[in-house]
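Consider the single chain below, provided in C-alpha cells and representing the form predicted on its own.
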Amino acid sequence: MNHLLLAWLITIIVEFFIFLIFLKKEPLKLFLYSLLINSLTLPIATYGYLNVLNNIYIIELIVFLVETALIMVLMELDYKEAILISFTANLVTALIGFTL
C-alpha cells in the first residue's frame, strides 16, 4: 500500500510542475488542480488495471482523455492546450512509473 501512496504523491508533484511550466501562474491553484485530478484518476486507473483490464496502454489512454477534459474545464483552456498539457503530464509520469 505504501507504493501506491508514493506513486500518488509523485504524480501530484510532477504533474503540478508540468502545469506550472505550461501556465506560469497561480501555483497554489495549479497544485490543488493536480491534487484533485490525480486523486480521481490514479485510484481508478490502478483499480482498472488490477481488476478490470490488464492493459496499461488502454488504461493510460482513458486517463489521458479524462485528464484532458478535467484540465480543460478546471483551467479554462481550449482543447488543444489541454491535450498538450495532459499528454505531457501523463507521458512524464508514465515514464517515471515504468522506470521505478
Partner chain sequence: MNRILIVSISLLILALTTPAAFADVIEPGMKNIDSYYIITNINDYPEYVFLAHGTPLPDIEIINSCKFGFYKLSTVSIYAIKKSEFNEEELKNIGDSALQNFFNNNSKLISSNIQLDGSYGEVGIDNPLESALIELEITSIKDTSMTIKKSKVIYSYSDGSIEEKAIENQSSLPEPSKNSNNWYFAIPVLALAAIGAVLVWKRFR
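Treat the numbers as computed from the prediction; the structure is a model and nothing was measured. Positions refer to the first chain, counted from 1.
Separately, the form predicted in complex with the partner chain exists; it is not shown, and the next lines address it.
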* Structure fact -> the partner chain in the model of the complex has a heavy atom of only one listed residue within 4.5 Å, and of I83, L23, V92, I10 that residue is I83
* Asked: Given that the partner is absent here, does E76 sit within 4.5 Å of the partner chain in the model of the complex, heavy atoms only?
  -> yes
* Would F17 show up as a contact with the partner chain in the model of the complex if we use heavy atoms at 4.5 Å? -> no
* May I ask you to check whether L70 falls inside a 4.5 Å heavy atom distance of the partner chain in the model of the complex? => yes
* Using heavy atoms and a 4.5 Å limit, would one call L4 a contact residue for the partner chain in the model of the complex? -> yes
